[in-house]
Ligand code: HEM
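Encoded as structure tokens, the following chain is the form predicted on its own, with no partner shown.
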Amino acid sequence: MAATQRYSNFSIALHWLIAVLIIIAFILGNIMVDMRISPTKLQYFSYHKWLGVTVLGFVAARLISRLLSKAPPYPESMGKVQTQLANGTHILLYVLMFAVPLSGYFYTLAAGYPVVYLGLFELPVLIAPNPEIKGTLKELHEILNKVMFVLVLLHVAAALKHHFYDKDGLLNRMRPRF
């Protein structure tokens, strides 16, 4: 596949970095919620929040990069329906990559806790503690995570289908070069 049919090295690096950070945040989130209250649990919550803020920043950079540069074309073998599904899935993934960390951020604030990024500086408090919406924001954060988990699985399954079954080179658009 020609270089013009690939994403930029910057976009590829951000894609995989964001993917790894989301997976770690998801796993950590699932581990920490089942833990008894302890210093370790509180530290895991901090790590989880730091990952969310970091993902949010990297996704913003990735979106700006994506808006400033044209995506490589899909293989000609992909029909209109597959192309529309791929585009729709990518849009939903971007929405979720913003919505998941933001819902967690607002849940944290509604619960009355600050978000201190990397233990160095406190992020702005955009809403006052509010026990009335805390539960709704927690549930929203959990639902958005589950939806993103399913979409990520579909995204990976589609990429693998294109690579192993269709053999159309689609995966090469985002494959790192070593």
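The numbering used is simple: start at 1 and walk along the sequence shown. This is a predicted model, so every value here is computed, not measured.
Same protein, other form: the form predicted together with the ligand, not shown, and the subject of what follows.
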Checking L140, V115, V147, I133 against the ligand in the predicted bound form, the residue with a non-hydrogen atom inside 4.5 angstroms turns out to be V115
Taking heavy atoms only, is F58 within 4.5 angstroms of the ligand in the predicted bound form? no
Does L170 reach the ligand in the predicted bound form, with heavy atoms at most 4.5 Å apart? no
Mark V53 yes when one of its heavy atoms lies within 4.5 Å of a heavy atom of the ligand in the predicted bound form, and no otherwise. yes
Tell me, yes or no, whether S38 is in contact with the ligand in the predicted bound form, where a contact means a heavy atom of each within 4.5 Å. no
Going by heavy atoms, what in 28-44 lies within 4.5 angstroms of the ligand in the predicted bound form? G29, N30, M32, V33
